[in-house]
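As structure tokens, one chain now follows by itself in the form predicted alone.
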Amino acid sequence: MATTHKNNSLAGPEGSDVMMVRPFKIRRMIKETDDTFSLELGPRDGTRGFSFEPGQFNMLNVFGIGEVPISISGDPTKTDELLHTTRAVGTVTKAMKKLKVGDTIGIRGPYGKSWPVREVEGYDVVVVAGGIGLAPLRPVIYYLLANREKYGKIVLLYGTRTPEEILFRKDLEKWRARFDLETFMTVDRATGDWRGNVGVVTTLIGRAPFDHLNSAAMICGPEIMMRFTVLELQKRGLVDDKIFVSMERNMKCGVGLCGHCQLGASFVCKDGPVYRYDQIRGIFTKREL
């Protein structure tokens, strides 16, 4: 399976310079959980829309504060809106959470390699997300459903620590109601009126309905969760070149200049964040990296 994921790290939208910051207006602030929110953005500079591939990210700039890399979590088929989902955990994202509808935020990108949604046409696709890892994978679900006839079974396995941390509840309700998408959810610890599965997300893999001889998996979440997910998928018979992981960590410049996100011989922002597992297997299993 070829890894020809699209990489826009040499040019921005409409052939613009890679480092150009475009002004975007905040159209909507969406509270996802107590500490997680989504920004729906639209261009302020008169240009038409914003195209991206599932799995790519942007650098978001809060003027006067700084910038951070955040995956694009919206629908890649809709070029008139741009959605980012993040936690308010640092100086920039905390400042971002305080912005209001109508405020301006800077965007440069999109950057990075995308999920191989075209390369896996004809396969069953297993999407495994842990916590906020569903955000970079949501565009994959949108894309697969928009091109449903090109794929076999589509299976979504999603786990969070508690029911209160579940993201994109309206989307999940719609997806669970579909007959052409198998959606399984679990929580590490049941609270409130939760009556669903309890346990880590890897416990769902053994009973997920997919053909291991004709399947590809895409995984995003905490690195320890991804390591154990890979092991469980291997037990089901998936081979390493059909497993893809997102290594979203330590990115700073977005274009491979600062070296902050170096992972072995590669740079996550430029050569990732999506990697085919067999290409990083030796590094991925070393916890100290």
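Remember, predicted model here, so these are calculated numbers, not experimental data. The numbering used is simple: start at 1 and walk along the sequence shown.
Absent from the display: the form predicted together with a small molecule. The rest refers to it.
Each of Val68, Ser71 and Thr91 comes within 4.5 Å of the small molecule in the model of the complex, counting any heavy atom. In the model of the complex, Ile132 approaches the small molecule with a heavy atom inside 4.5 Å. By the criterion of a heavy atom within 4.5 Å, His212 is excluded from the residues contacting the small molecule in the model of the complex. Contact between Thr202 and the small molecule in the model of the complex is not found at the 4.5 Å heavy atom cutoff. In the model of the complex, the small molecule sits beyond 4.5 Å of every heavy atom of Lys153. Partner contact region in the model of the complex: 79 to 87, out of 79 to 87, 202 to 210, 173 to 181, 121 to 129, criterion any non-hydrogen atom within 4.5 Å of the small molecule.
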